[in-house]
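There is one chain below, alone, in structure tokens, taken in the form predicted on its own.
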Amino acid sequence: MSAHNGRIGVAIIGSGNIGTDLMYKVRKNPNFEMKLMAGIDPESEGLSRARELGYEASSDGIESVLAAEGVQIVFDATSAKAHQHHAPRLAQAGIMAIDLTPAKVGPSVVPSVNMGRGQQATNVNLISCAAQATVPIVYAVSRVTPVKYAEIVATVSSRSIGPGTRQNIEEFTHTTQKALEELGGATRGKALVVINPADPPIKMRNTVYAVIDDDADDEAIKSSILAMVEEVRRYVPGYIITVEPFRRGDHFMIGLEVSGAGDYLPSYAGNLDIINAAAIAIAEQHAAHRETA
């Protein structure tokens, strides 16, 4: 792994809430060296904070990333439309892209479900925060018994939803729904997102329903779900069960809550924290793979 002091060089595109929180996660991670924070708004708080921390910061977006030296991984926290423009240019430059938008240029990855899928990919997609929170549960059920239909309801605070997510809400919902099928293993999936304006803000809450066969082994399903929750908690400590998994008629149900780590964002913004935590977990694995390659 060719990076200063054995660390891998990373850059972040997108100086909003997600990108800024990522910067703080990168800062405390010994595997990475922060090379650049890039945005398009010269007055953004993210760029200002980057400079205060002693990092290079630029409002020239992708151009500044491509001109920077030593960047091996880029976290793209912009928008689906922007990432579609960024992806081929990053690939041509030999830079791995971890896409936190719903662009879905590269393979979709949820660390607790299919981490290995992105090991050698030059571009991986993290789908959505709702997918990162709920796909693991659907997968945990489907690895025990067929899931005929999976439905998830993700409720997030309006204060934790930025302009990028609001602009991409349709893509957000569609990619989450597809992930329930493609990664979670459900025959059909449905995703609902509720933006709650409550004050004080609520933490991210998720309800997962999985329709199963009548003769499915309830105890085996519960055990699989509980094991998966612990797997997710390895990289998202604030991921907890609020309603224990149980069967109700033809389906299993579980309630979850996600609290943020408080690196930059408030703890109620668990929806943003979980996708950032997934991004860091994937980058760590990619760095380890490069080191042993």
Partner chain sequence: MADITFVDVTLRDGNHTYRHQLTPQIISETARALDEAGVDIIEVGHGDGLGGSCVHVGRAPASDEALLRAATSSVKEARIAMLVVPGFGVFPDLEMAADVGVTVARVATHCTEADTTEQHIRKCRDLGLFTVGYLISVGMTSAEKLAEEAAKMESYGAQYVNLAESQGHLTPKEVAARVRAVRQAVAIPVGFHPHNNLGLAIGNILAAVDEGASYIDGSLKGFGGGAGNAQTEVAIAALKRAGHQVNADVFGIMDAAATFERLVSPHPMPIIDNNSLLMGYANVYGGYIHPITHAAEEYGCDPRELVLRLGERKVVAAQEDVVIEEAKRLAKHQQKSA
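Numbering follows the first chain given and starts at 1. No experiment lies behind these values; they were computed from the predicted model shown.
Although it is not shown, the form predicted in complex with the partner chain is what the next lines describe.
Site residues 25, 31 and 34 are none of them in contact with the partner chain in the predicted bound form, judged by any heavy atom within 4.5 Å. Residue contact with the partner chain in the predicted bound form: residue 85 places no heavy atom within 4.5 Å of it. Shown alone here, residue 167 lies within 4.5 Å of the partner chain in the predicted bound form, counting heavy atoms only. At a distance threshold of 4.5 angstroms between non-hydrogen atoms, residue 199 is in contact with the partner chain in the predicted bound form. Taking non-hydrogen atoms only, residue 211 approaches the partner chain to within 4.5 angstroms in the predicted bound form. Heavy atoms within 4.5 Å of the partner chain in the predicted bound form belong, among the stretches 225-233, 249-257, 52-60, 65-73, to residues of 249-257. Contact with the partner chain in the predicted bound form, judged by any heavy atom within 4.5 Å, is made by just one of 207, 145, 114, 79: 207.
Only one of 91, 153, 121, 105 lies close to the partner chain in the predicted bound form, with a heavy atom inside 4.5 Å, and it is 153. If you take 181-198 and check each residue for a heavy atom within 4.5 Å of the partner chain in the predicted bound form, you get 190, 191, 192, 193, 194, 195, 196, 197, 198, in sequence order.
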